[in-house]
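This document opens with one chain alone, in structure tokens, the form predicted alone.
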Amino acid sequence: MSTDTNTVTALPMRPVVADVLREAADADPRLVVLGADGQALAAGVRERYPERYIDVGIAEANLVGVASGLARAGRRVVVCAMAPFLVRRAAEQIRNDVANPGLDVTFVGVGGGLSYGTLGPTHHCPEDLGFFSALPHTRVYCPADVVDAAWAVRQALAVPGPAYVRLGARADRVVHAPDERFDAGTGLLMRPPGRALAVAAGAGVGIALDAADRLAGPGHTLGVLALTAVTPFPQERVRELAAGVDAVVVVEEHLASSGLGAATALALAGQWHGAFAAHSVHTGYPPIGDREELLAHYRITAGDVAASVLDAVRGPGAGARR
């Protein structure tokens, strides 16, 4: 799909995911959807099966407790909530009541990363993927757009056990073709690597593609590996693609210390020698701004990624790093 910013389409993930959940409810009478004072994701289920939708109000810890009880009673449970409050207010219940026993609960968190923008750091959640990735038995998904958001929710529901899917809060740029085929074990190679490789997820995918377009041409080709399923992390695939490049850059709307930055560095440690950079959220207090302004503040932009790649491939010893 073209990454020309003049032809980019942006669509919200929530309506598509609401349709996926309605289809899942049609197919399985055991499926129930829970919410915490928010009904957009459950719109289809609530309309067709009102008895299979429960809204507990602004009480995320209670939300997860109810989910745990229903799962133990044989229900397939989907929990829908705002990511910052799900992660921070219900961390203990998610860990102890759902993840540790490996219950069949799929968490759908709206507004992970910097999606809520101008609402400020109370509503930013750049640690959600790391939190869920640290839990036992839990699969974690970070879709970039409506296409892989639908795939991620279907994939999460297809495999019993805990799962987390991060959704954007606003309209997200469409970077995938409607018939794209995803693979949870290998990710999606959207650009073949030349001298550099970008490992990206979520909003980072479009940014990495734009950086690759800026660098297109002899000598500076940037490969782009898009990961929708981020946990389990595809270590072997990353090592395979990095084997012939001089630089690896990570592009993510997440803290590097617990996100793709850390996972990629661990995968490459002792296996690969080259320049490494993580364009990720850092822990400094952010300014007030919308999502694009915040991404620029954290240097998670196509220009910053392209500059990192150029610095790496032009640096001392470039071409001899293996």
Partner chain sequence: MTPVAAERPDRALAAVSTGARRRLLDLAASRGVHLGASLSVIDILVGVYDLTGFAPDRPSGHRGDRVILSKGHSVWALYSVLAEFGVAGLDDPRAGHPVEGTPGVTAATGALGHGLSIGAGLALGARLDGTAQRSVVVLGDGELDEGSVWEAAMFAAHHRLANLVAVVDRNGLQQEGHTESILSLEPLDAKWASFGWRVLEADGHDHAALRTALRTALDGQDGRPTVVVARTVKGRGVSLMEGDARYHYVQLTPEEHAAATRALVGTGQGAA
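Positions refer to the first chain, counted from 1. Please read all numbers here as calculations on a predicted model, not as lab measurements.
This protein has a second form, the form predicted together with its partner chain, left out of what is shown; the following refers to that one.
Its partner chain in the predicted complex comes within 4.5 Å of no heavy atom belonging to residue 239. In the predicted complex, its partner chain sits beyond 4.5 Å of every heavy atom of residue 289. The closest non-hydrogen atom of residue 75 lies within 4.5 Å of its partner chain in the predicted complex.
Taking the partner from elsewhere, residue 267 is found to have every heavy atom lying beyond 4.5 Å of its partner chain in the predicted complex. Partner contacts here mean any heavy atom within 4.5 Å of its partner chain in the predicted complex, and among 91-99, 144-152, 120-128, 242-250 they occur only in 91-99. When you look in the predicted complex, the only residue of 295, 275, 262, 56 with a non-hydrogen atom within 4.5 Å of its partner chain is 56. Along 58-73, these residues reach a heavy atom to within 4.5 Å of its partner chain in the predicted complex: 59, 60, 61, 62, 65, 66, 68, 69, 70, 72, 73.
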